[in-house]
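One chain follows as structure tokens, the form predicted on its own.
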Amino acid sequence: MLQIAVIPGDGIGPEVMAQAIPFLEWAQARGRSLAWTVFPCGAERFLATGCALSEEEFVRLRDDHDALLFGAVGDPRIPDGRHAEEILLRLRRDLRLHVNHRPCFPLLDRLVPLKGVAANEIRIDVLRENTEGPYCLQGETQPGQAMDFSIHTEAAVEILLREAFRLAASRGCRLHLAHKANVLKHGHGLWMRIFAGLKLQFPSVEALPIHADALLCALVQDPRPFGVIAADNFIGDLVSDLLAAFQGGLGLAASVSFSPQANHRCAALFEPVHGSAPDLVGLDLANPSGMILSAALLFRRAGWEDEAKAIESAVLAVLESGLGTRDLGGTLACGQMGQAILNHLPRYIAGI
């Protein structure tokens, strides 16, 4: 039995999660052994009780579930984001989810904003270290100055880069390390040394370091030569959001964060990358595709390739029909988009 913890979260998180649950039910009806439990962690809980994720809940998540399906976190009523740190950043850190994988596989030519580049010509996987870098939330503010610390440990960097080399080897593609070691000599210098060492262990992989600013320029000019990109938390965040634009926007982007060396049961968290979008709450305008495609990633990691492919094919079919939410140039509401994707599933079952 695959046990899934569901955290709808804040903002549009509950709206898009509501569109993903029917796909869990669909897989269950097809005979897949899974169950899910909803954890009401988020801003509302924090504002009411001062606690967003209790220690008891964290232990249940860690020890009694195989994966997390996560909506979004962030609420303007909590401007310092304390509850977000307590939920998402704690899950990443304490579940040792060092590897954040954001695939960029565009589905439809008309959604690719690059001249002369077809959707099937872009196949890029971004692997981003998920627990350190400038997002370690350590620093200080003093009169006249503020400092944010950036922490990089050999253990975390090697875990991320080893996964990047493994993925590039399995795909038979290039691996690029995005860095700024020319100015961030200490932290990114560590990345460069570990990268150089791992190149010796993966001689079949063409592995190249590239300055992050040059990478962004090259991706916009022509993303086709790129296969796997590895980066720290900050640079990986920027690169993967840029690549989401090649897919049609953040509403179509899915991700998984996982632990390659977990010594606990729950070792993966699946979520869309779009955030909580508080300005869209209650308007039924959110795009649930990223959330639904994150569920497909969950199925794939569980070994349920048929179900993962069926969902991806259904999303593609809806887009090919010209339908979509407003961010995709369509007119569908969030619930209508989710239902349209769900309606296309049966036609792919025979082909599975």
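Here the structure is a predicted model, which is why all the values come from computation and not from measurement. All residue numbers are counted from 1 along the displayed sequence.
One more form of this protein should be noted, the form predicted together with a small molecule, which is absent from this view; the next part is about it.
_Contact label in the model of the complex: Leu114 to the small molecule, heavy atom within 4.5 Å_ = No, no contact at 4.5 Å.
*Is there a heavy atom of His179 lying 4.5 Å or less from a heavy atom of the small molecule in the model of the complex?*
Because no heavy atom of His179 falls inside 4.5 Å of the small molecule in the model of the complex, the answer is no.
*Taking heavy atoms only, is His152 within 4.5 angstroms of the small molecule in the model of the complex?*
The answer is no: His152 has no heavy atom within 4.5 Å of the small molecule.
*Answer for His98 alone: is it within 4.5 Å of the small molecule in the model of the complex, judged on heavy atom distances?*
No, no contact at 4.5 Å.
*Using a 4.5 Å heavy atom cut-off, which stretch among 191 to 199, 84 to 92, 221 to 229, 157 to 165 contacts the small molecule in the model of the complex?*
That would be 84 to 92.
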